[in-house]
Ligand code: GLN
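What follows is a single chain, given as structure tokens, in the form predicted on its own.
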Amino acid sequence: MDANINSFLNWSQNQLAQAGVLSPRLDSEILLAHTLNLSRTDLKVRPERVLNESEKKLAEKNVERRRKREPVSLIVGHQEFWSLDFLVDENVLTPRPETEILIETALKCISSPAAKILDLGTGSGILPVVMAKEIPECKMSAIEIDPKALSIANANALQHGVADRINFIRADLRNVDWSGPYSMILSNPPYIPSSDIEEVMPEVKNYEPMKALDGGKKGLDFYQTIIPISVEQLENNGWLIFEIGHDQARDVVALLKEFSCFLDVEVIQDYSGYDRVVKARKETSNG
């Protein structure tokens, strides 16, 4: 039986809704547009366009992948963040809209266009790429332990024309010289408590890299590592800025306040009203 764009979208929407997908129509449109190499607008303008047999077969395969709760971003191979398109695969976290709060916070804290900035656990490279595009004179470094993730980060930097301004370093951030000091250190570290991993959405639990999710027993392992090292690696008046889990603000603030050099500690909410970012400024005793 022939299927046109409109009838296929209606079928796909029903399939995804039955599978518990939260946005079945939107996901159906994104997947079909990707399959046909069209825009979502094209789908609306040409609802009677008939899918040929090979298109229909591939479109059905992509719907089945989504029915199994594989993220749309992994099926299509990219995700929008900060109005830019980023390559993603199974080796990196898919960028989340709430991480834009970290970028917004960082941009407000920049005191010099020539800032020296470090991103810890860069994953797909969204933080250094966006910062490099927003502040053309800044000097970016980014540490990532996984070579496959670094490959994606490098590809994203190349795609957005900033590869020559980001120093990607393959290393374990817990036992490498960060080569500071820096005027700003950013990190969106793994912060889900180990015991909570099984409770997260199947799109996350089954398809995203565990190393980028698991923050240890209380979800605080990386904050406990990064904060003490940052004391030595930040310039005077430099900023340390983290993304956090929605219920971790009190614990992360307490970790910062163990060091008297961290002042102006502030928790920033995302657009849903959840605690999302913590920032702190380092000030030496004579400064």
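A quick note: this is a predicted structure, and the numbers were derived from the prediction, not measured. Don't overthink the numbering: it's just position in the shown sequence, from 1.
Heads up, the form predicted in complex with this ligand isn't pictured, but that's what we're talking about next.
Asks: Taking Glu98, Pro190 and Val204 as the candidate spot, are all three within 4.5 angstroms of this ligand in the predicted bound form by heavy atoms?
Replies: All three within 4.5 Å in the predicted bound form.
Asks: Partner absent here, but in the predicted bound form, which of 144-152, 127-135, 159-167, 181-189 has residues with a heavy atom within 4.5 Å of this ligand?
Replies: Of the options given, it is 181-189.
Asks: If we define contact as a non-hydrogen atom of the residue within 4.5 angstroms of the partner, is Glu243 a contact of this ligand in the predicted bound form?
Replies: Flag for Glu243 set to yes.
Asks: Give a yes/no on whether Leu74 approaches this ligand to within 4.5 Å in the predicted bound form, heavy atoms considered.
Replies: Leu74 lies outside the contact set for this ligand.
Asks: Is there a heavy atom of Leu213 no more than 4.5 Å from a heavy atom of this ligand in the predicted bound form?
Replies: Although this ligand is absent here, Leu213 would touch it in the predicted bound form, with heavy atoms inside 4.5 Å.
Asks: Taking heavy atoms only, is Leu93 within 4.5 angstroms of this ligand in the predicted bound form?
Replies: So Leu93 counts as contacting this ligand.
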